[in-house]
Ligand SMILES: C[S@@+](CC[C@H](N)C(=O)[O-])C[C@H]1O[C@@H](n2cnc3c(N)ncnc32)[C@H](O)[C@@H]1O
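The chain that follows stands alone, in the form predicted alone, written as C-alpha cells.
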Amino acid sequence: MLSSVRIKTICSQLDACKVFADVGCDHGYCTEYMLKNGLCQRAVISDISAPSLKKAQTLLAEYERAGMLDAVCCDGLEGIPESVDEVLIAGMGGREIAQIMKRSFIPEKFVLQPMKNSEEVRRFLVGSGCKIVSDFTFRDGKFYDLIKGERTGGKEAYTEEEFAFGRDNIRSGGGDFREFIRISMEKIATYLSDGMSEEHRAELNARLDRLKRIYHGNV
C-alpha cells in the first residue's frame, strides 16, 4: 500500500489526459486521484493479482459503474491498450519495469517509481530515445526515485553519474537526494570499520569517494 507521502509525490507528477492507465495499481489510490479531480476522462487499472485488482475495483466502484473505468487482470502492459495517453507504474523493481516496456510498448507519457535498480530504467529509456522530463529522489521513510518522461524527444546524452543517480539529482544536488548521499556515506564508513578482504575494502572506498564527489558537487 502506498503511503500518503508517496501518493502525493507520485500524483504531483501526473498530467491531465484523456485515458490514464495504472499498471500494478495496488489499492487504486492514484487512479482515484486522477478520476476524482477530473484529470482524466477514463482510466484503466491492472494488476497481475486478481485479489489485488479487486481491492482497487472496490475503491473505484462508482467509476466502474459509470463506465469510466476498466479493470484488467494482466502481466504488466500486456492487457493495456497502446492508445492510452499516460501510464503509471509504481512500486515495482526497476529491472521489472524496463522488462515490462521491452515486452510490450513504451507509453506516450509515463511516470515510473521503481523500488530499486533505477539505473536500469534510465539506461533503457535513454537507449530507446525517450525524453526524461524529471527524475528525482524523495523520502518517505525510505528513499525512492521517481522518473517522468515521454516516448520521444530524447536527445541529450547521459553521464554515468546521471544514469546512476538521476540527472535532476546530480544537477541540483540538494533536498532529499543530498540526505540520501549523506546517509549512504555514513553506512559505508560503518562497514569499513569491520574486517573484510582488501578487495572488498577497495570497492567500498571507491564507492565512498564517488559519493563524496557527488555530495560536494564535484561531478
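Keep in mind that what you see is a predicted model, and the values were worked out from it rather than measured. In case it trips you up, residue 1 is the first one in the sequence shown, and so on.
Although it is not shown, the form predicted in complex with this ligand is what the next lines describe.
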query	finding
Answer option from Asn37, Ser49, Thr152, Gln41, heavy atom within 4.5 Å of this ligand in the predicted complex	Ser49
The unique member of Met92, Cys130, Val133, Ala71 whose heavy atoms fall within 4.5 Å of this ligand in the predicted complex	Met92
In the predicted complex, Ile214 touching this ligand (heavy atom, 4.5 Å)	no
Any non-hydrogen atom of Asp176 within 4.5 angstroms of this ligand in the predicted complex	no
Partner proximity in the predicted complex: His27 to this ligand, non-hydrogen atom cutoff 4.5 Å	yes
Partner contact for Val84 in the predicted complex: this ligand, 4.5 angstroms, heavy atom	no
Partner-proximal stretch of 164-172, 190-198, 41-49, 61-69 relative to this ligand in the predicted complex, 4.5 angstroms, heavy atom	41-49
Candidate site Ala21, Ile80 and Glu120: all three near this ligand in the predicted complex by heavy atom within 4.5 Å	no
Any residue of 63-84 that, in the predicted complex, places a heavy atom within 4.5 Å of this ligand	Cys74, Asp75, Gly76
